[in-house]
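Quick heads-up: it's one chain on its own, the form predicted alone, in structure tokens.
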């Protein structure tokens, strides 16, 4: 069986050795200097001013929505548009925090929201936020989506958990909106076992996210930011300042173990991305011209980085036959969470927004993916190609 992933970390053996040494020497393992070091390193890699490290990609989505509410950028009852084809925890935080959550259908040939799909929804709904998912390393015309959002004063945010390293029109995905979220879950591009982050160029948003991450207090902010917020709220006593809660928050902190692993792994990111890109090109050249599958377009993307290769079959029968062929040979999955508007939680809480997302629905019913991990061998690649091309 060819699994979706083979190792917990890239260069797992050496990473585990270094981790054991770190744990033995560490004075404490709660949030500290390793996490802060990782924030600086990852912000530099992504090309953003700020990175706020949290305990998962899902927490990153929750923290971002809560921070926007805390800042008054949005309010309960506002409408948030999101990619219909995505993961559950893109829609869930908005619902949990009292926002109306509107699915936007995707294009069949990119699996992502396009400017034309967005405009169609905007004719019907006054969106305050557009939460784009850069699904499986792909995107559509994200630059045009940004223009539309800028012109209409809509906040654009990106879920980049599945597209770390992808470059579109000279810019990394995750750098088009006000902020973007990332996942360092063990099955994704880079692993800290569990972990996630939010990247942004906004100093105010980074501060708000730091509060949301840790109970609403300022414990993990820089000294300068602490002074500023304490002066604003007239908190003068050191005794009380450590237990003053300035806004709504959670405990979303990662540990020093996550931070240390991140610092070990971030140095491999360029290598990881290159291997995934090279693998994907080999698969795509052979699969996306197959008459049994819908073609997926990627020639508009400078560099594509994904952790799985999607296949959209032209019938359920073909999909079912592939599932049977892969049984015991290649580990496969549905396309992420499929059409989220079909999921029970969405029908329960947002049934007034059960739109006809024809493409997301087709992908939901006729799609699957197999893993694109950097440890795939030539023999394994050829076996996968044999199964999917015959």
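Only a predicted model underlies this, so the values are computations on that prediction, with no experimental measurement involved. Numbering follows the first chain given and starts at 1.
Quick note: we don't show the form predicted in complex with a small molecule, though the next part is all about it.
Proximity to the small molecule in the predicted complex, taken as heavy atoms within 4.5 Å, picks out 52-60 from the listed stretches 52-60, 321-329, 34-42, 342-350. This chain appears without its partner; in the predicted complex, the one residue of 185, 217, 168, 280 with a heavy atom within 4.5 Å of the small molecule is 185.
Residue-level contacts in the predicted complex: of 86, 258, 101, 305, one residue has a heavy atom within 4.5 Å of the small molecule, and it is 86. The small molecule is not shown here, but in the predicted complex it comes within 4.5 Å of a heavy atom of residue 133. None of the heavy atoms of residue 81 is located within 4.5 Å of the small molecule in the predicted complex. In the predicted complex, the small molecule stays beyond 4.5 Å of every heavy atom belonging to residue 113. Using a 4.5 angstroms threshold between heavy atoms, residue 140 stays clear of the small molecule in the predicted complex.
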